[in-house]
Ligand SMILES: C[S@@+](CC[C@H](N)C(=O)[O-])C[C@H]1O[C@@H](n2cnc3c(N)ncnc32)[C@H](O)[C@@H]1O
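Shown here is one chain on its own, the form predicted alone, set out as C-alpha cells.
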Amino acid sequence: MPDEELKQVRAFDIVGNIAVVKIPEKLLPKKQLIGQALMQVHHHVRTVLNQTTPVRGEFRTRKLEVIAGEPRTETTHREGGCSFKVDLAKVYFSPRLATERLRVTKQIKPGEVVTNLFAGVGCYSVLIAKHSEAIKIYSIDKNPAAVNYMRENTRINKVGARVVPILGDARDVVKTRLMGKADRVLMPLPELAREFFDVALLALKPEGGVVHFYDFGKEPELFGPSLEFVRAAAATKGKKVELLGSRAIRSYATRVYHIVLDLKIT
C-alpha cells in the first residue's frame, strides 16, 4: 500500500486476541490485506474485525465484520492482573480506559461500599475488588449480555463475594435497592452522566461521599461547564461539591475530550 493510503488507516484497538480497526470506505477493497498485515505484525492476534458502524443504541454496541482470521467476536482480555471475557458485538468495551480504571481503583479506601451505575462487563468492579479492600461493589447494567459476562468475570476472577452484578436501569435499581448505601459512585458513561447525576446523589450515604463523574469537555474550557453543571444540580438537592481532581482521558472528537471529575459531595 502506498503511504497516502496507509495514512488513512486509523489507530486500532487490540482486545484479548482480537484487533478492531475502522477502515475508510475508499480502502474497503483492501480490507483483507489490512487484516492479514495486522495479524502478521501482532502474532497473538487471531481475529481482525472491521467496525462498520459507530457505537450506538441503548446498549452502545457496534456492527463488526471479520476481515481476517477466525470468525468470532468473543475473546478474553487481560488487564491489571484480571481476566475479562467479552463479546465485542454484544457489549461496549474499550481497552483505552485501562489507565483510568486503575487510577480510580487506587483511590478506593478500606471498608468502602462502591456503586457502579454503568458497569458493563464489570471491569471497574472486578479491578476494585481485586486490588482494594472495598467491602461491597454493586454493579448495575441494563444490557443482559453485559450482566451475563459480568457474572462470568466475577467468577473467573474469584471476587463474587464482594461484586454484586445487578441487571436493570440504574435509576430504578438505586431507588428500590441501593439508596443511601455508597461511599463512592462511579458513572463511567459520559453520554448519560448528566441525566443520572441525581441518581448518583441518591446512591451516596446521607453524609455524602465521592462521585466519579464522566462527561465530554470542549476546548478551551474542558472542565468548567461540567463543574458548573454538577454544582448547580447538587445545590438543588441541598448538597455541596468539592472538586478533588479532573482529568482529560482521551480525545473524542475535534477539540472534544472524554473527561472525568472526581467530586466530594457533602
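Position 1 is the first residue in the sequence shown; the rest follow in order. The shown structure was predicted, so the numbers you read here are calculated from the model rather than taken from an experiment.
Keep in mind that the form predicted together with this ligand is not shown, yet the notes after this line are about it.
A residue is said to contact a partner when one of its heavy atoms sits within 4.5 Å of a partner heavy atom; residue 118 meets this definition for this ligand in the predicted complex. This ligand in the predicted complex is approached by residue 188, whose closest heavy atom lies within 4.5 angstroms of it. By the criterion of a heavy atom within 4.5 Å, residue 179 is excluded from the residues contacting this ligand in the predicted complex. Although the partner is absent here, residue 149 lies well away from this ligand in the predicted complex, with no heavy atom inside 4.5 Å. Interface residue among 130, 136, 142, 103, judged by heavy atoms within 4.5 Å of this ligand in the predicted complex: 142. Contact with this ligand in the predicted complex, judged by any heavy atom within 4.5 Å, is made by just one of 123, 193, 174, 163: 123. Across the options 43-51, 228-236, 201-209, 59-67, residues that bring heavy atoms within 4.5 Å of this ligand in the predicted complex belong to 59-67.
Contacts between 148-182 and this ligand, taken as any heavy atom within 4.5 Å in the predicted complex, involve 168, 169, 170.
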